[in-house]
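One chain comes next, on its own, written as structure tokens: the form predicted alone.
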């Protein structure tokens, strides 16, 4: 099981980016996203996406991050620009255990760096947590997200030009 923990979510400022973090988590193979701040609107948005496009993906907001981290029974990975080189750390992560991936919105508290089993650097320059999560999940799942079937009411078919959409609504 792969869970993403979004910390530092500021409802007035981060709603769009946090939504994108959730969409990337869902599309690239995670099973769940947990958001520290309670945000019913993001929960509704992601539920709506899952309802239309399919797949099993859970979202929960308004959680105690200290409790989540303390009770986590698996590997904790913190994506940051200050961590160990991506190529080295990804090889060390035990894929047989549940994975909690932490992505921050604002300055991350030292507690996260201390509690993480791996502080993984996706580059050493300022960048988007959305891109960091996508790169990490692509590598971690060895690209298997591309073959994932969602079986939703709407399906987008690959095409070199235009749009091919199948609507399964009756």
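None of these values were measured; they are calculated from a predicted model. Positions refer to the first chain, counted from 1.
Omitted here: the form predicted together with ligand SAM. The next part is about that form.
Residues of just one listed stretch (49 to 57, 25 to 33, 141 to 149, 106 to 114) have heavy atoms within 4.5 Å of ligand SAM in the model of the complex: 106 to 114. In summary, among the residues 137, 122, 42, 65, the only one with a non-hydrogen atom within 4.5 Å of ligand SAM in the model of the complex is 122. Using a 4.5 Å cutoff between non-hydrogen atoms, residue 81 counts as a contact of ligand SAM in the model of the complex. Under a 4.5 angstroms non-hydrogen atom cutoff, ligand SAM in the model of the complex lacks residue 69 among its neighbouring residues. At the 4.5 Å threshold, heavy atoms of residue 38 stay clear of ligand SAM in the model of the complex, well away from it. Along 48 to 65, not one residue places a heavy atom within 4.5 Å of ligand SAM in the model of the complex.
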